[in-house]
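Here we start with a single chain on its own, the form predicted on its own, put down as structure tokens.
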Amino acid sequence: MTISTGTRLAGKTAIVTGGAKGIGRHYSEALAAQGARVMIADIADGKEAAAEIVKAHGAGSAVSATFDVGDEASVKGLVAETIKQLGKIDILVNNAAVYSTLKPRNFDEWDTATWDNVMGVNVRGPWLMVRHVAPHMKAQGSGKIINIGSGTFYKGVPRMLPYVVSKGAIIALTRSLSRELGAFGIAVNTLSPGFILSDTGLVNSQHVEEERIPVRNSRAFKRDAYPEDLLGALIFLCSGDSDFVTGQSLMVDGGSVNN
């Protein structure tokens, strides 16, 4: 599978949290391939990812910064650095999340420290990002915020409770924020992937073993899903094609969730 190139996002700037690896890296590459300048923001070092994008799409197409999405001071610093380097923020992709390190277990076996960490990154993080990005979008009268959800919320996937609950919160966050920010020309939507085989996701071998075959069998399209399957939907939500779409959750899961 290849990433399509074009000019649908020419002149736009974007932040992708968790953009240095896994699915987030594919998001970063896809946005740059459509002409956006991308800030790759991650707790991991994104210099390699940015260098590869620059090599493929030209100078200035990507920069990177390390930060902690759950820490407000770190978020404020990232937003300031993005404005400094890219001049504005048109697109925010709230992708950073705790997932691959979570080992499936029954609901009463999760410890409170893990629960709080998942909520801190997966829920507080996106809220903090919007809190500090939205003023810049308000000032320019436009913006696209894409929160990354999950099909697990719709299906009530067992043995991953804190993750599933956090992604349910993302749907709520999207719906409320779309009402609050619509008056400023800012669209807020959720991209909800199904079970995706990515390099980071495959690290969670126990979860892959429990979910891969049942999920594949539940789909209308009887195959595995890969990060590239999400990119068309992402570009749609980031581009002018979705200018009258807000408060929605777009499922990209091959027909596994049918609601």
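One rule holds for the numbers: they count along the sequence shown, beginning at 1. Here the structure is a predicted model, which is why all the values come from computation and not from measurement.
Keep in mind that the form predicted in complex with a small molecule is not shown, yet the notes after this line are about it.
The candidate stretches are 79 to 87, 177 to 185, 105 to 113, 147 to 155, and the one lying within 4.5 Å of the small molecule in the predicted bound form by heavy atoms is 147 to 155. For a residue to qualify, one of its non-hydrogen atoms must sit within 4.5 Å of the small molecule in the predicted bound form; all three of S100, V121 and F195 qualify.
When the small molecule is considered in the predicted bound form, W127 lies well away from it, no heavy atom lying within 4.5 Å.
Although the partner is absent from this view, N95 contacts the small molecule in the predicted bound form, with a non-hydrogen atom inside 4.5 angstroms. Looking at K21, you'd find a heavy atom of it within 4.5 angstroms of the small molecule in the predicted bound form.
Using a 4.5 angstroms threshold between heavy atoms, D68 counts as touching the small molecule in the predicted bound form. Screening L231, A44, V63, A33 for any heavy atom within 4.5 Å of the small molecule in the predicted bound form leaves a single hit, A44.
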